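This document opens with one chain alone, in C-alpha cells, the form predicted on its own.
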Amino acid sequence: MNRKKRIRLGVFKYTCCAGCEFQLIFFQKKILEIFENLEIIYFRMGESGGGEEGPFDLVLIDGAITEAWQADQLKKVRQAAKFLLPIGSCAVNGGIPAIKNSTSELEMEKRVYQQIQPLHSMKAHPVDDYVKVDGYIKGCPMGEKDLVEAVTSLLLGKRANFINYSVCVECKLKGNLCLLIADKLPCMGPVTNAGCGALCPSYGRACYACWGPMEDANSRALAWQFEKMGLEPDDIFRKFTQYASNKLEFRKGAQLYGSTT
C-alpha cells in the first residue's frame, strides 16, 4: 500500500459495552504516529458519521451480533471493506452477551424486559459467524499490541502476526508461580489466548479467559482438572461460557457440564 495514502477507517459498534471503542480513543493519544496515517470515515463514538457506505481500507467491528439488522449491515460493510477485523471479545468470541445463549431467547427477554413485543433479538454471535474476517484483535477490552500490529502491517503491506499462545507463556516470562498447580486456583490460563500480559495471575487472581480460547486449546482436560479440584459442574460450565461460549474450543469444556445450545 502507498505509504503516502491515508487508510480509510470505519468503526462500527453492535452489542457490547463500547469499552473497545473507548480503548481505541485512548490508544489514539498514545500512538498518535500510527493514527495520523488513518482517515476516519465512520466512527459514531468519535463523532465521525455519514460515511457508513464506505469504501473502507480497514473496518473495525466492536460487539456481538444479536439483532438481524446488525447482521444485515455487517454484510454490507464487509462488501465495502478491503480488510475487516473484529475487536474485543464480544466481536471475536461472542463475549459477555453470549452468556445468554445457554438459555432460550424468549426466557431471557422476559427476565430483562417488561414489554417484549417490540424486541427482535437473537442469540449472540461473533462477527465471523456472518462474514469473512482478516484477523482478530482480541481482549476485553482489545489489546494495544494486536491493534498496532494490525494497523502497521496494513501500512507496510504485510501480513499481520497476531499473538497465538496461552496466558501460561506470559506467566512463565514474568516469573509467576502457576496458580493452578501451586495455589490450586481454577485458572483458565492454559486454554486462554495471551496478550493481556498475564494481568490477573500477576496479581494472584486466576485467569478469567476474557481474551477467549487459543487455537487447539485442550478444554476438556482443563475441565476435568477443575472437577478433580472440587469445582461444581455449574461452576465449571460458567468458566467456559463467561466470555466465549460460541467458540468450539471452549464448548468442548462447557458441554461436559451443561448445555451450550
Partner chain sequence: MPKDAFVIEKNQFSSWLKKLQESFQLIGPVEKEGHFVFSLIEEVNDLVMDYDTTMLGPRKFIFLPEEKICTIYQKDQGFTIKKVQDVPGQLLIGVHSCDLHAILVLDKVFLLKSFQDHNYRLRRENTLIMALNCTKVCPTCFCSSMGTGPFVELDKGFDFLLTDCGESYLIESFSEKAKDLLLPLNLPQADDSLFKKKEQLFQELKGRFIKNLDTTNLVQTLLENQDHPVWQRTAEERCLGCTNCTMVCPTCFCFNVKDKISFDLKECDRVRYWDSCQELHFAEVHGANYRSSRKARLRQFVTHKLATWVEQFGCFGCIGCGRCMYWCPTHIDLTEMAKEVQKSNFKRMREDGYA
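All values derive from a computational prediction rather than experimental measurement. Positions refer to the first chain, counted from 1.
What follows is about the form predicted together with the partner chain, which we do not show.
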The partner chain in the predicted complex: contacted by all of L74, N246 and L256, heavy atom 4.5 Å
no
How about K172: is it within 4.5 Å of the partner chain in the predicted complex, going by heavy atoms?
yes
Please check if L155 has a heavy atom lying within 4.5 Å of any heavy atom of the partner chain in the predicted complex.
yes
Contact label in the predicted complex: Y165 to the partner chain, heavy atom within 4.5 Å
yes
In the predicted complex, does M214 come within 4.5 Å of the partner chain, counting heavy atoms only?
yes
Within 222 to 237, which residues have a heavy atom closer than or equal to 4.5 Å from the partner chain in the predicted complex?
L222, W224, Q225
